[in-house]
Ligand SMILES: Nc1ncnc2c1ncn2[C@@H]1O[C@H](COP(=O)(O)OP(=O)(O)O)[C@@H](O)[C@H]1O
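The chain below stands alone and is given in structure tokens; this is the form predicted alone.
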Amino acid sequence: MIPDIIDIRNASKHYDTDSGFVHALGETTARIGEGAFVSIVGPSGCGKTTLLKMIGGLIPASNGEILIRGTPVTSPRADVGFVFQNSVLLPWKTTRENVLLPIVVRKKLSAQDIDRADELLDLVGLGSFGDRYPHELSGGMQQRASICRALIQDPACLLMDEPFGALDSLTRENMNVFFNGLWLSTGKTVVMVTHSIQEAVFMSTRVIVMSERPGRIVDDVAIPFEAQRSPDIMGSAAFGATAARIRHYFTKANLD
């Protein structure tokens, strides 16, 4: 049995705002095994990103708890990496320096840290761009650099919030294929929030489907493909049927 790395136990989130009480995320329970790639999809405002931030310790749960490798999440952790929709690279730092930022804020850099950054840049095809600045990189290259930054501390899991949403459609598809290979080569546990059902089905081993706010899990879909993916599967009947099962929850009739 694959051990659980993330254990979400009846976690929920609400806010008291100037405009009143906001129930952002309903009670949510899920377990995610080591090496899994899980996507979370749902209507806008259903609490997908809220759940991701709770897993990463960026915001606390109002009720319930979340554990990573058996330890309750109470604050941001060094063993959790984040990738956001925008690469948020510092424009005055080189690609290598951006990748090394999480190390710099925690301790003095070592030669091993710099070697690790260069190894990661090689892994994502940016080995010759370590001394370049963000404005010299394409959007896809910037996002690959941000993925390296998230991996520099060898995290237990990688949390990604719409990581390819700012890219054009062709670059996004290429990044989906690229990241599938990167996930296979690193063996990391990945949790990704996306609005794209096609992206979720193509990249994931499981897709968690959430309802409208306050979001609750309404389906947990196992993806019926081998781990290594090719764009060819998008034209298969199995791919279409899996996407249709997820899309069913977001038709107007089912949202009313």
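Note that the structure is a prediction, hence the values are computed from the model and not measured. Note that residue numbering begins at 1 and tracks the sequence as displayed. Between two forms, the rigid core is the largest collection of C-alphas that superpose within 1.5 Å.
The same protein has a further form, the form predicted together with this ligand, not shown here; the description that follows concerns it.
J.: Quick one: find which of 222 to 230, 26 to 34, 47 to 55, 198 to 206 has residues within 4.5 Å of this ligand in the predicted complex by heavy atom distance.
T.: Single hit among the candidates: 47 to 55.
J.: Report yes if any heavy atom of Ala238 sits within 4.5 Å of a heavy atom of this ligand in the predicted complex; otherwise report no.
T.: No, Ala238 sits far enough from this ligand in the predicted complex that none of its heavy atoms falls within 4.5 Å.
J.: Ala244 near this ligand in the predicted complex, any heavy atom under 4.5 Å?
T.: No, Ala244 stays farther than 4.5 Å from this ligand in the predicted complex.
J.: Can you tell me if Pro43 lies within 4.5 angstroms of this ligand in the predicted complex, counting non-hydrogen atoms only?
T.: Because a heavy atom of Pro43 falls inside 4.5 Å of this ligand in the predicted complex, the answer is yes.
J.: Determine whether any heavy atom of Arg213 comes within 4.5 Å of a heavy atom of this ligand in the predicted complex, and answer yes or no.
T.: Yes.
J.: Out of 12 to 36, which residues reach within 4.5 Å of this ligand in the predicted complex, heavy atoms considered?
T.: Counting only heavy atoms within 4.5 Å of this ligand in the predicted complex, the contacting residues of 12 to 36 are Tyr15, Thr17, Val22, Ala24.
J.: After superposing the rigid core, is the C-alpha displacement of Asp18 2 Å or more between the shown form and the other one?
T.: Comparing the forms between the shown form and the other one, which are aligned on their rigid core, Asp18 does shift its C-alpha by 2 Å or more.
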